[in-house]
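Only one chain is included here, represented as structure tokens and corresponding to the form predicted on its own.
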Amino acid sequence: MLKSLRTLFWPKTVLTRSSSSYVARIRYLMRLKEDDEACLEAMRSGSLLLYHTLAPLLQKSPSGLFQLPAINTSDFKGILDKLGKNRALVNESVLIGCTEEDVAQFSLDVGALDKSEMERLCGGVFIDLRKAFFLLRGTEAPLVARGQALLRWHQTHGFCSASGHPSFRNQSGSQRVCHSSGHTYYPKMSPVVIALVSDGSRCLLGRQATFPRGMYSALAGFCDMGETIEETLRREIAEEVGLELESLRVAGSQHWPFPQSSFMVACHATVAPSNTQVSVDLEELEDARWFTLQEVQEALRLKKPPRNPEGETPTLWLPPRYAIAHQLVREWVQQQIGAHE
């Protein structure tokens, strides 16, 4: 039987500011979400993350690294002036956060503007979010994902599901309201369980046909209505690879913007060493197999995607460092090393 989940193992967090400072910042953000006038005022001195049809704008530093530029709202209005566009476009941005200096952060999709001109004037390039995850530092990836997720939600929820009439957002973009039905809608995430399965000495990784060549990741699946984490994971592992789990523990969580907005609950799971025969459901996965500690360690040493010519066996490649699947793999490696010391 699958052992009951008893404890949530929270990620290690180092607090670098006082608790009172954090509380003040969170309450400031809450006021901006609820007060349209306060949000507009904060926008005047805020910063913007720009997207073009949901692809974020990145800039390349002199050292060759990519970074997420935060463009001052007033500077962006100047760009709109050069393009002969209405400055009111700024008001379509959505609130995504606030710096420790109380500078409000917004995201804005400029898909209606000329892409090449925007790249030239902003000194950057719009890059697909999946690729951007491999280029950005870990601290920037969550912010760019949040900004895209909120923009996408507004783009796809313009009508009330009860009345069919248009819904309208508040200034911050934290909600949409249908004036006909009176319904208020809030951005939502779909729960997903992702697990690194181990037999004690190896870990199980799978790949979908849409993955880049050579990439394998932890196994994941959406929660069905009414399921617990344990039930979802046990079902998904049985469906995808034909294995029955012995135990699991939760290791953390993460917002993941693919395919829409998902709430990833990350777990470590085990199967009995006598029950490791994999039977892949080819409707779900292209492949799944066991990897040794040495194979995984070699994959973790790779600094960039490997180049494998056609006909050559692909080198194992793992998800980007920001992905919680990557974190699960690193934790498993540390567990293995610790067990052999």
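Start at 1 and count along the sequence shown; that's the residue number. Since the model is a prediction, treat every value here as computed from it, not as a measurement.
Not on display, but discussed next: the form predicted together with a small molecule.
Contact flag, Glu240 vs the small molecule in the model of the complex, heavy atom cut 4.5 Å: Although the small molecule is absent here, Glu240 would touch it in the model of the complex, with heavy atoms inside 4.5 Å.
Flag Gln175 as yes or no: does it have a non-hydrogen atom within 4.5 angstroms of any non-hydrogen atom of the small molecule in the model of the complex? Flag for Gln175 set to no.
Would you classify Gly221 as touching the small molecule in the model of the complex, given a 4.5 Å non-hydrogen atom cut-off? Judged by the heavy-atom cut-off of 4.5 Å, Gly221 is in contact with the small molecule in the model of the complex.
Find out whether any non-hydrogen atom of Val329 is located within 4.5 angstroms of the small molecule in the model of the complex, and reply yes or no. The answer is no: Val329 has no heavy atom within 4.5 Å of the small molecule.
Single option in Gln208, Thr184, Ser74, Asn91 placed near the small molecule in the model of the complex, where near means a heavy atom within 4.5 Å: Only one listed residue qualifies here, and that residue is Gln208.
Pick from Ile79, Val192, Ile127, Leu108: which residue has any heavy atom within 4.5 angstroms of the small molecule in the model of the complex? Of the candidates Ile79, Val192, Ile127, Leu108, Val192 is the one lying within 4.5 Å of the small molecule in the model of the complex.
Work out which of the listed stretches, 260 to 268, 108 to 116, 159 to 167, 145 to 153, brings a heavy atom within 4.5 angstroms of the small molecule in the model of the complex. Answer to the contact question: 260 to 268.
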